[in-house]
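Before any questions on how it binds or moves, here is one chain, the form predicted on its own, in structure tokens.
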């Protein structure tokens, strides 16, 4: 009987689980500010959902998918990313027929890639992403980038910069692929096996190679911007102009291609820099895509989209390293302290009422010494202690102690809910003032 988790997976509990939950809640809140609505698709999809949409040349399809045959010999795959499933769902349920364009959705859930587990990389990871489909405008692309930036700012990241590039329209890409093949052909003998395959399937992928020697060769490759059609160039500069208006910092990065075959026009990554100016690398990435809805049988006029995705693990590890998780409130509102078995039943009913008023409250099932209960309350970071002994019960009161200020008051049991509202409102106001003072 194995007693350890499968290689490349990890358990989440205590502070780490709370931090993951916090990141996902901020992501949902940011997405909803921009009018995105939740979508949840199955973890298991037919393999073609990914091979057709993600592209045969992407590393995900070629090397990283968890694919197997089910009992009826159908090929199924555990989702390696969220876009394909979301678009498949939009087409299957004809959501484009009952929603105004653009149709905006966000998702957050586990994804699976069979790659060598490394630092902060897992075979099962949580991917958060958004998709906006059905409107072919530079403004929709720019809005998606603004959402990405604001989500990261809401998490507390500073010194953010967007790296952008354009992959143009299909006509521009066809010319560019020919130029790349002409450039890389004489170097193929000295490049890695992956690059030799990419050369055949999609030479744009060669610009994304992680092998240092191949990166050197790629530095001299032709640039996409020299092959843009006038329309594609105009579209790119339209998007950049909107980013300028919104005062979003960006850098044009000619080498940025992103790892999936469905992208066209603008592609982007958001990078964060440390206080000392070193680049932490990409926190999230995405771009514009056309042709994907049609691939699944959707209507031509809806066949444009833009989105981004990020790994929650990556955000968590950076936030942890940079002490950005201190603001997560995992404290308990009230720790109940029954003094003896005789008051345990009465205390249980009081605690249930407190919870129904929306305050988190914990009650030990076996009353202990007052000192040890105070220690437990401290470990749970409780704000108040609620103390009930036989004398209090007779008088119909409880003792309420503010554990930070060490102040204790008597409250009538029937007035407890009202008193708690008053005390917690005052706490919220103090916190607000403290926050403004620090800003």
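Positions refer to the first chain, counted from 1. Please read these numbers as outputs of a predicted model, since none were measured by experiment.
Not pictured, yet referred to below: the form predicted in complex with a small molecule.
Asks: Only one of 253, 233, 352, 115 gets a heavy atom within 4.5 Å of the small molecule in the predicted bound form. Which one?
Replies: Residue within 4.5 Å of the partner: 115.
Asks: From the list 140, 204, 332, 283, which entry has a heavy atom within 4.5 Å of the small molecule in the predicted bound form?
Replies: The option sitting close enough to the partner is 283.
Asks: When the small molecule is placed as it is in the predicted bound form, which of 293-301, 160-168, 219-227, 121-129 ends up with heavy atoms within 4.5 Å of it?
Replies: Heavy-atom contact with the partner occurs in 121-129.
Asks: Should residue 175 be classed as touching the small molecule in the predicted bound form when contacts are defined as heavy atoms within 4.5 Å?
Replies: No, residue 175 sits far enough from the small molecule in the predicted bound form that none of its heavy atoms falls within 4.5 Å.
Asks: Consider residue 310 of the chain shown here, and say whether it contacts the small molecule in the predicted bound form, taking contact as heavy atoms within 4.5 Å.
Replies: Although the small molecule is absent here, residue 310 would touch it in the predicted bound form, with heavy atoms inside 4.5 Å.
Asks: So in the predicted bound form, does residue 258 come within 4.5 Å of the small molecule, heavy atom to heavy atom?
Replies: Yes - in the predicted bound form, heavy atoms of residue 258 and the small molecule come within 4.5 Å of each other.
Asks: So in the predicted bound form, does any heavy atom of residue 271 sit within 4.5 Å of the small molecule?
Replies: Flag for residue 271 set to no.
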